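Quick heads-up: it's one chain on its own, the form predicted on its own, in structure tokens.
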């Protein structure tokens, strides 16, 4: 891994797990002045309110595949029929100048850890699958069938949480934000971090 004085964090959660809202809140905090967020490329269509270069870089499927052929991605994946990827140039440019936060799934987190061995991986754990389902219903973006598919995928994602350095329980927004602040802004180590997500909870979520 290239030497770098900055820190690299990857934050993951199942769909509807609240990572986007928490990351947005982190960047409203004055302590985030020396942090940047990596923006992923995607081939999915823009949703209402999506902003180019803030939420994603929106590419056609052809352009995305062209970048894959040129090996321009650190990681990429197909999620529910759409491509998502993190470009090498995006990380290189931002990581050289600031601490960097990436919002990725477990596959992306694993790929980043392979390249940047001091990257810190953070997984947001829902308090229950029912809570996750209610969040997905409330955001009103998916059909009932799509929500069930996302819940099934969530179990798989949660089962991969053991590879993460930190498990943050997102049962309460303010408490989860406080936990993330300890990790990002206060630099608490994985050993000293007191996770509220127990092994028993993880076991129940994936059963």
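Numbering follows the first chain given and starts at 1. No experiment lies behind these values; they were computed from the predicted model shown.
Keep in mind that the form predicted together with a small molecule is not shown, yet the notes after this line are about it.
Chemist: Taking 8, 32 and 94 as a possible spot, do all three reach the small molecule in the model of the complex with a heavy atom inside 4.5 Å?
Modeler: Negative, none of the three is within 4.5 Å.
Chemist: Does the 4.5 Å heavy atom contact test between residue 40 and the small molecule in the model of the complex come out positive?
Modeler: The answer is yes: residue 40 has a heavy atom within 4.5 Å of the small molecule.
Chemist: So in the model of the complex, does any heavy atom of residue 56 sit within 4.5 Å of the small molecule?
Modeler: Residue 56: contacts the small molecule in the model of the complex.
Chemist: Considering only heavy atoms, tell me if residue 155 and the small molecule come within 4.5 Å of each other in the model of the complex.
Modeler: Although the small molecule is absent here, residue 155 would stay clear of it in the model of the complex, with no heavy atoms inside 4.5 Å.
Chemist: Does any heavy atom of residue 90 come within 4.5 Å of a heavy atom of the small molecule in the model of the complex?
Modeler: No, residue 90 sits far enough from the small molecule in the model of the complex that none of its heavy atoms falls within 4.5 Å.
Chemist: Heavy atoms within 4.5 Å of the small molecule in the model of the complex: which stretch among 40-48, 158-166, 24-32, 171-179?
Modeler: That would be 40-48.
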